[in-house]
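Only one chain is included here, represented as structure tokens and corresponding to the form predicted alone.
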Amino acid sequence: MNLNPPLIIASGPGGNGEYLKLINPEYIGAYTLKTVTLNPKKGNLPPRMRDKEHFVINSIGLENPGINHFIENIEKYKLNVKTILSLGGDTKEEYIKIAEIIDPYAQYFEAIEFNFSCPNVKKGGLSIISDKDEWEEILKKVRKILPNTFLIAKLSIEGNFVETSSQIVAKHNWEGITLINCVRGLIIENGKVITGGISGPILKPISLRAIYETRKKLKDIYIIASGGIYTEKDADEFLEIGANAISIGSALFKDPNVVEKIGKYLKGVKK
């Protein structure tokens, strides 16, 4: 990808382009839509999000209208910036089927990111890579279905050494990886256990290490850094450690102006 600035709105927090009402698109390199799955998902019951001092815990659960509804309304998902489509599934068959369905429309998007790391669903998401043979079959078949699409795998640090999983992605000729997704977490509120995915500043050192280890193994793969990026200094550190672009997610909830501030800072940096 050639993004200027190398700044991407992360899938999930950015919705389906709603923040473009608040942010000058000139300072966004690309915008990733919310993950779409084969079948509609209602998501988890509210409350789905809690904001703490150094992190956010969410349990959205990939709420989306399903791929058929998405395609029927594809015109409204065309944004005035480069757009990355995010796709997910519950099973191997669903990942392959959704790739087949989106194939005729793939050219509308700068890239397609496949979510192999959502921590807030009972099936698919993070669990899909627990069977390495099955996951490799998904990577292989999706690559074959979408031979000309810039493919990105969104990975977690859980259940694997992320640099090893990234090598598997590269082995099947996918062009990019997003590191990292939320990490499973738990808080106790008024005696009640609440589980979800942790994002926010607390993830930054973990994400930096993931990118550092992955870049040592893979010199050419496109790495999108995600996890705790709130300032220009954060962006600098991720790019210095080996990321090609940075992705902003939970910072949007704190202050959407952060995107424009970092985007102005990075404008002219082509990745």
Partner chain sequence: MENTYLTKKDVIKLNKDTYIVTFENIKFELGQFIMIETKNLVRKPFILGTWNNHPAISVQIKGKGTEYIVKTQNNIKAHFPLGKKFIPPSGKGMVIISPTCITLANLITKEYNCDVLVGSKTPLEYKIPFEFATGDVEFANKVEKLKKYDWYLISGSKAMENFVLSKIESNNIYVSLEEYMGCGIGACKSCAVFTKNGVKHICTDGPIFRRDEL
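Positions refer to the first chain, counted from 1. Remember, predicted model here, so these are calculated numbers, not experimental data.
Omitted from view is the form predicted in complex with the partner chain, to which the following refers.
Three-residue candidate spot Gly12, Arg50 and Asn257; every residue lies within 4.5 angstroms of the partner chain in the predicted bound form by at least one non-hydrogen atom. Partner contacts here mean any heavy atom within 4.5 Å of the partner chain in the predicted bound form, and among 231-239, 37-45, 204-212, 217-225 they occur only in 37-45. Of the candidates Ile28, Ala245, Val56, Ile67, Val56 is the one whose heavy atoms come within 4.5 Å of the partner chain in the predicted bound form; the others do not.
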